[in-house]
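This document opens with one chain alone, in structure tokens, the form predicted on its own.
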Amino acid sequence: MPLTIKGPLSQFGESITIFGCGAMAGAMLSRWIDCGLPPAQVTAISPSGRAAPGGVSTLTAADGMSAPDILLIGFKPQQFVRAAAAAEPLAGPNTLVVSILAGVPLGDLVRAFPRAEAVARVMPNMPVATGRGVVATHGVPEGGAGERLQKLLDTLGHVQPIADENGFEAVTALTGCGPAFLYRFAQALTGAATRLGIDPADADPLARAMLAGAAATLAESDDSPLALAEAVASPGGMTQAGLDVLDNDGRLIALMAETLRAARERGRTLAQAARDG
């Protein structure tokens, strides 16, 4: 008989309902199932009828359902007023409501789910599907409810509590949107290499492998990104010549600041749309 290896969530005893199981909530759920969470403990509510991953039961409405231990809300922020009203009956006095909605502040969530035991904000990014994600949190309660949530989040990757909610919005732009910016940077590297004469069939895997290796080094090193860059660059050498272009007039930092600012402002716009209904 083959050895059965139990994952860290195989004994997780809480019931979970996911209201709005889109791409991000689905990525979280896939990881939890991979870590041993029994699919029978999860119910997904998807008004569109989109099936949840991992064989989890999917419903189109919450009619007649009892309140779960954890209610994860993952619908679009601009749908907040209508969707929160539909989800509110599921938030009983023993329910921890967990929001992954960008731009919807904790105060609005508390008012939308007044009977819930507690409400917390969580902002994951797509690499959570493989356990390599970044998860920012705000408002996670102390005690049992918070400990239950922490056990789930720890399987997703690096978990970073953010005390200030204004900072949380900026973190959303950095970590939530950041993977897309990195992927676009990889595409730009490939395009630039092609312009210099490298065959596109070679440039793409070379850029991917270089970024993956550099990211692994960054993750495992105690040195700052600046120190790591300086370790690669020899004075007057090829690397330094390239860094001089990126550093000229602070252009790279200015570009990234503009990029993150645009993402953050869009989040604020979505939050206002949510308030306006």
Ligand SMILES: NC(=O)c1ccc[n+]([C@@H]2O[C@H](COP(=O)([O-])OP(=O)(O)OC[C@H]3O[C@@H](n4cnc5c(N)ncnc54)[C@H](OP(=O)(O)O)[C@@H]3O)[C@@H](O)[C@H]2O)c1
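Quick caveat, the model's predicted, so the values are computed rather than measured. In case it trips you up, residue 1 is the first one in the sequence shown, and so on.
There is another form of this protein, the form predicted in complex with this ligand, and it is not shown here; the text below is about that form.
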Please determine, with the chain shown alone, which of 241-249, 44-52, 64-72, 227-235 has non-hydrogen atoms within 4.5 Å of this ligand in the predicted bound form. 44-52
Considering G133, G176, P105, G139, which brings a non-hydrogen atom within 4.5 Å of this ligand in the predicted bound form? G176
Contact test in the predicted bound form: P77 vs this ligand, heavy atoms, 4.5 Å: yes
Quick one: is M123 in contact with this ligand in the predicted bound form, heavy atoms, 4.5 Å cut-off? yes
Any non-hydrogen atom of I253 within 4.5 angstroms of this ligand in the predicted bound form: no
With the partner left out here, check for me: in the predicted bound form, does some heavy atom of L9 sit within 4.5 Å of this ligand? no
Could you pull out the residues of 88-105 that have any heavy atom within 4.5 Å of this ligand in the predicted bound form? I100, L101, A102
